[in-house]
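Only one chain comes next, encoded as structure tokens, the form predicted alone.
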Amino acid sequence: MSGQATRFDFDIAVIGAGPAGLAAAALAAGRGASVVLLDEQAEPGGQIYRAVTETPVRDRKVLGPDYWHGAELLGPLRDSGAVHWPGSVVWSVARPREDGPRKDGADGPRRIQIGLSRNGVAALLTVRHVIMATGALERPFPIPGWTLPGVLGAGAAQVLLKTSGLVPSGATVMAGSGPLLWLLAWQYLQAGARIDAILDTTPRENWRAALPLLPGFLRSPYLGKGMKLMLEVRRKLTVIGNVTGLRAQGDGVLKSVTYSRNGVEQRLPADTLLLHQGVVPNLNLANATGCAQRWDEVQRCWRPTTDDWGATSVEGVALAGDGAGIGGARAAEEAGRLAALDALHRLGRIDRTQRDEAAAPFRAALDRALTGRAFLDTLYRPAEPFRVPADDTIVCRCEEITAGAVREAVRLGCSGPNQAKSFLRCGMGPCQGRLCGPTVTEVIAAERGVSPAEVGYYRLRPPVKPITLAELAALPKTEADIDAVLKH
């Protein structure tokens, strides 16, 4: 999987080594394309299969069989001949500036240039097609006190379990909704960790809205094991439902969690609070590349616009997996294979008939994996107070901007997230909007009384990840670049 570190042009670059990226790279390389798999982590697996080759958690029952499925994707990748570059931070995907006829003499799609940093050195990689498999991020869960030490996302806590075998000590409270919250609680039980309570914030009205979609979910392949997991957690842990308010409290560090239930406020001592209310597509790189996006009212998030093969509005750029819309690990895996087949077709390696015939079993598997998804999306749609928080709640952690400040900016004429950058510097910190974008969009939309679709999202530009000036200065220069500097 590794090697060929001096080669800087490939047919296909796959960005992200989670289930979609692993499957896409293995299929495309196995059919003869030159493929490079770029990923920030030292080992493949992405977030869902994080550290699957090196986790210290050797008792397989702790993380569960779905986690260990990730190891089955590594053999096909290794045998395919794909080049794997771990520790690669991709900060740009763009078409190089071209003046006049193409100098490479090639037919078909124009080349795409990828800016990346690896081992402290920046480089430009040239490819003919890009498959972005950037996965998902935890949806922001802004509550008063969520920036206190001791408060973290359930996804981050799960990463600590997978990579280091660590679980919280002391009083631990979990709060929120969604499948990952229940999965982590189950994994903690298997690991012998202490959980004092789960505060379930799933709105009561969501059950009524989801009920008509239940027949579809009853055919889901995840129904049986999901119900078994939740029943075991409920049997062994204190689960408090209908929670409508949350506040983390402490003097410099978390000491307690205050919650509201049926109009009554109560308090629990806590050394650790784990928050979760679903995931959203990690779309910053696609956004900065110029891929069109749309507001998904059901999943309450922005997602890139793609066709059935993952192709975006940018020629030669495709998306696969949760980065194109939340569907889960197994769905991402099949979407990666479909995107790879379409890339091979666009590069002229297979014709349309070959692509469609090869895709049939993958598309059927994708449909099975997505069965019942609408039920889950509706049931676990976060309550509005947790998406559009009160004035005193910090929404932009990097710049410490509150929801009240965002609302005041709207009253002064701020119409959307991009204007909020000028008014408040929201989205201009190290996270580049990853932790505040969804919240800022919803707060502005609510204050204006319009849909988030009308408000829009951050307009991003490369580099989408930090890169030093020294790295930029050391990049190789083309004749056109040198001429541009000398003439100006």
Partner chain sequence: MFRRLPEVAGDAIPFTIDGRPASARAGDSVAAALLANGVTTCRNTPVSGAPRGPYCMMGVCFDCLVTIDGTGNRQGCQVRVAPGMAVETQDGKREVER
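Everything quoted here is computed from the prediction, not taken from an experiment. Positions refer to the first chain, counted from 1.
The same protein has a further form, the form predicted in complex with its partner chain, not shown here; the description that follows concerns it.
Peer 1: Is there a heavy atom of Gly449 no more than 4.5 Å from a heavy atom of its partner chain in the model of the complex?
Peer 2: Residue-level check for Gly449: no, no contact with its partner chain.
Peer 1: Any chance Ser164 has a heavy atom within 4.5 Å of its partner chain in the model of the complex?
Peer 2: Yes.
Peer 1: With heavy atoms only and a cut-off of 4.5 Å, decide whether Glu399 touches its partner chain in the model of the complex.
Peer 2: Glu399 belongs to the contact set for its partner chain.
Peer 1: Just checking whether Gly75 would be counted as a contact of its partner chain in the model of the complex - the rule being heavy atoms within 4.5 angstroms.
Peer 2: Answer no; every heavy atom of Gly75 is more than 4.5 Å from its partner chain in the model of the complex.
Peer 1: Are Gly153, Thr272 and Lys465 jointly within 4.5 Å of its partner chain in the model of the complex, each by at least one heavy atom?
Peer 2: Yes: each residue has a heavy atom within 4.5 Å of the partner.
Peer 1: Quick one: find which of 166-174, 372-380, 295-303, 217-225 has residues within 4.5 Å of its partner chain in the model of the complex by heavy atom distance.
Peer 2: This holds for exactly one stretch, 166-174.
Peer 1: Would you kindly say which of Ser256, Thr238, Ser260, Thr147 lies with a heavy atom within 4.5 Å of its partner chain in the model of the complex?
Peer 2: Comparing distances to its partner chain in the model of the complex, the residue within 4.5 Å is Thr147.
Peer 1: Considering its partner chain in the model of the complex, which of Met230, Ala71, Leu213, Ala191 comes within 4.5 Å of it through any heavy atom?
Peer 2: Spelling it out, the residue with a heavy atom inside the cut-off is Ala191.
Peer 1: At 4.5 Å, heavy atom to heavy atom, what parts of 320-347 sit next to its partner chain in the model of the complex? List them in sequence order, or say none.
Peer 2: The stretch 320-347, when checked against its partner chain in the model of the complex, contributes no residue at the 4.5 Å heavy-atom cut-off.
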